[in-house]
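Encoded as structure tokens, the following chain is the form predicted on its own, with no partner shown.
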Amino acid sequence: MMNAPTTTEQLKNATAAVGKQVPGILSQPGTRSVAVIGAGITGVTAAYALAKRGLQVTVFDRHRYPAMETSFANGGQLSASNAEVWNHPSNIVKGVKWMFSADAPLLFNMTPSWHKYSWIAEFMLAMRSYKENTVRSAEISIMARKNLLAWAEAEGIDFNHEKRGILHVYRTEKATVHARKVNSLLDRAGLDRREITPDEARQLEPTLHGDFQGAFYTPSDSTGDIHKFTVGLAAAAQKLGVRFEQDVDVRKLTAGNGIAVRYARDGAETTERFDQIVVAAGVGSRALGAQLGDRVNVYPVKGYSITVQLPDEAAQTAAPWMSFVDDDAKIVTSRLGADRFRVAGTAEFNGFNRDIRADRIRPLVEWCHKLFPNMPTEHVVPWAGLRPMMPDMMPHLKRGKAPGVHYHCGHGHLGWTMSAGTAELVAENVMQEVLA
């Protein structure tokens, strides 16, 4: 099975299957049990999709609450328009150029690591699938956001959703030419991302300053607060009967005659058995997969964000409502209600380091000063999270070697955008095995 679907037909079929009454599974006692490891966006969407199919679901997570790691403060975009995978020669050139600059958009720690260098080698090999994977990524994103918005409406989840589209801006003619090539791939996926002039971009967002050579606008994209959405969907999943075991340490997964999950709370260990398991543990999925006999080459690519607090009317008026992607700076933005503005970006290859570094935060603040000079930044909350990335930049949706093992991880910079679609695919994989 491939890491991602080749067409949107599988997503449509998976979505249509939700809630169907399956004889022997939904209508009788002894419903099949599924463990989900991880209560971030991928774990919670998987749990919700599984519960909608009538399965008995238990979610395990090491934090006290859902969405406390990478799903806490990301860029906030539901951005099919940002579906271009990173496996392009131009990014290799940029990476080499930026390698020795501490405040560059990309930072690479040269300390030897087999995991890191093997991942980079596979990343470069995946460049041959750049076009195909970009199209597939956009297809998944388009279908997934429909699911996500439908879930939010059905469950009454308020997540500061803004339906104003997303604006890509480019500073050079070379970057604009590349963007046109990307547009042809997005068009193949069915996405309407239209080229506009820099003046038209400023009309869409009057607070924008700076000189740009090109701009593209995607009216169907939107933004919101991933943390609020994930917490809201977790509450909806609980109403469907999902059990959340939070603040626990999952110590061992064992496959064979079902799946055994050994976990500890306050030092006391417990082992539970399940019919199936979905590993959705973000950057922790590699280690858990190894326990189950599978190679899941997820690497933690650290990203940073700042949340600019907008405490009064003057600050709120000076901040943009339009969402941006500044491709040259590798920065994305979103407006989270009247009083918050999120700015996120950078990619740091530094292992599992979660430190929030001042020299990585400073460029985000300075970017605000340049593009939105009238917006005050005296109240800024910094954050860092580890994006779980596969070398080909596609989500890892494979079944494991052992019966009953499934994966929902490796979504990289599009975890929120893709998760409600890929969760349906994984749920269908689980159901197929249940009914086999």
Ligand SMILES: Cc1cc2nc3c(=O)[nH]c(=O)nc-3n(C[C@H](O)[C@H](O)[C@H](O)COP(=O)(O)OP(=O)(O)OC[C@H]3O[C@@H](n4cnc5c(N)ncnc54)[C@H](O)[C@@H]3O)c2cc1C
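Residue numbers run from 1 along the displayed sequence. As the structure is a prediction and not an experimental result, all values here were calculated from the model.
The discussion below concerns the form predicted together with the named molecule, not included here.
Participant: Any idea which of 201 to 209, 278 to 286, 355 to 363, 172 to 180 reaches within 4.5 Å of the named molecule in the model of the complex, heavy atoms considered?
Facilitator: Selected stretch: 278 to 286.
Participant: Looking at Arg387, His406, Arg32, His396, which has any heavy atom no more than 4.5 Å from the named molecule in the model of the complex?
Facilitator: In short, Arg387.
Participant: Between Gly214, Pro300, Gly303, Pro320, only one gets a heavy atom within 4.5 angstroms of the named molecule in the model of the complex; which residue is that?
Facilitator: Of the listed residues, the single hit is Gly303.
Participant: Look up in the model of the complex whether Val248 has a non-hydrogen atom within 4.5 angstroms of the named molecule, and give yes or no.
Facilitator: Answer yes; at least one heavy atom of Val248 falls within 4.5 Å of the named molecule in the model of the complex.
Participant: Taking the shortest heavy atom distance, is Asn74 within 4.5 Å of the named molecule in the model of the complex?
Facilitator: Yes - in the model of the complex, heavy atoms of Asn74 and the named molecule come within 4.5 Å of each other.
Participant: Taking any heavy atom pair closer than or equal to 4.5 Å as contact, tell me whether Ala344 reaches the named molecule in the model of the complex.
Facilitator: Contact with the named molecule, yes.
Participant: Does the named molecule get within 4.5 angstroms of any non-hydrogen atom of Phe60 in the model of the complex?
Facilitator: Output for Phe60 is yes: heavy atoms within 4.5 Å of the named molecule.
Participant: Need the contact residues for 402 to 425: heavy atom within 4.5 Å of the named molecule in the model of the complex, sequence order, or none if there are none.
Facilitator: His411, Gly412, His413, Leu414, Gly415, Trp416, Thr417 sit within 4.5 Å of the partner.
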